[in-house]
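Take a look at this one chain, the form predicted alone, written out in structure tokens.
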């Protein structure tokens, strides 16, 4: 169905710029679900953009059913029967599903007509979706199913030829991921070729019998993922054997962070209802939950972005802190790794040194209203040394950093100055397997050193792998925590699916 021959694409426009894709060969048969694995920077996103009509190759050629394929725009891709589901949802949150589909179908399509087509398409694949439901109220899994059906609805004659999925089951609870897998298989059974891009081998092993592994923009190998195994695939992606994660045995100390009946209204998002929590020194408490159930609001309340109603709703080492701002809580030893590292963790137009100054300015970096550049440079170098970033990146603009480099910098900035509590919010979202393991090890090392770590993540595997205890967030309420040895991904997944 699809064949790529020597496809290359540069990062920039100049001859000396690096190649994001370097002579990639790829072939996918009719009805095949083909995996595409690779770390950040391996070239997956560039290939997705090329197949979506958002970028054109600098060299090589593409064939669809043996005929040359040139895609000048997303509309041209859809006209050829190519549908793409991106990592970030592209549904309109403020519309009903029928209204959003009507916009996507174009040509003056009315929501009522879109709703009828959705009903027909849903019945064809055994999926149930409410066309009158607001997109913002849909679960992450329901949105993914809707985006897949939208691709079918947009294809000529409602028959897809090629479906491209960019990490489709990221942030989904196991039951939702299973429903997504079932729909992908049903679409492939119609003769559609499917390209499933992922950073984790587990994401393609259940779906694919063939996988192409990319490393540094080139094809590293093509193999059966089930025969290769997860560890071998990880080694092929990173170019090195994966080090074992080290977990030190230790006994948690006294409670460092306590929430006592924390309740907060919320005009946009999810209100919090009487949340109790005890986080002890030297432990990792994991909070699992599907996106949109109050995790972001809880993190905002703990970090000081949103103030509690009463000071004693939040205690930091026994001190009432519910009405303290962000800066005051940071001085008390609370650190936060935000989920949206680009918009909330840094200022994108600044360099790493300038971003370090924003959060460390009160550490002797100002004298007589002047920034002490020499001291700022030393501090920035110490942050970068801590997490293994090369010193020459200190003067680099954030816009030129990869997601892994940026998360390493935020990790070093937040953890390098004797924190007492660290709130890690989706710390490895969007990272490749190597970078994710490094972040995981850093959090485990923090707990071993006596730091209290609150891990907020919708990745159940991550929560179970790192946490000592785990609680579930649903509809703005937090369950009682249980020891991680007393639960499983299946048990947590059922609770999350029931909440959705």
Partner chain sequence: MPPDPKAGLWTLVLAPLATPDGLALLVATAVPLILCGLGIAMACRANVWNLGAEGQLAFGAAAAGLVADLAGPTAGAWTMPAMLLAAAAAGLAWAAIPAVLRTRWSAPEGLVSLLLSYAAVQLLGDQRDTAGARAEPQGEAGFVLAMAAALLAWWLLARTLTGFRLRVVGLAPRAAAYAGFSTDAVVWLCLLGSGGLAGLAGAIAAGTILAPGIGQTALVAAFLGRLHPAGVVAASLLLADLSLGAARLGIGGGATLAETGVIPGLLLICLLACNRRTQTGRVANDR
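Residue numbers count along the first chain shown, from 1. Since we're looking at a predicted model, the values are computed, not measured.
The next section is about a form of this same protein that is not shown, the form predicted together with the partner chain.
Every residue in the set 305, 368 and 414 has a non-hydrogen atom no more than 4.5 Å from the partner chain in the predicted bound form. Contact with the partner chain in the predicted bound form, judged by any heavy atom within 4.5 Å, is made by just one of 429, 125, 357, 86: 357.
343 is the sole member of 227, 343, 374, 132 with a non-hydrogen atom lying within 4.5 angstroms of the partner chain in the predicted bound form. Though the partner is left out of this view, residue 326 does reach within 4.5 Å of the partner chain in the predicted bound form, counting heavy atoms only. At least one heavy atom of residue 330 is located within 4.5 Å of the partner chain in the predicted bound form. Among residues of the shown chain, residue 361 is one whose heavy atoms approach the partner chain to within 4.5 Å in the predicted bound form. Although the partner is absent from this view, residue 282 stays clear of the partner chain in the predicted bound form, with no non-hydrogen atom inside 4.5 angstroms.
In plain terms, the part of the chain that comes close to the partner chain in the predicted bound form, with a heavy atom within 4.5 Å, is 349 to 357 out of 255 to 263, 315 to 323, 144 to 152, 349 to 357.
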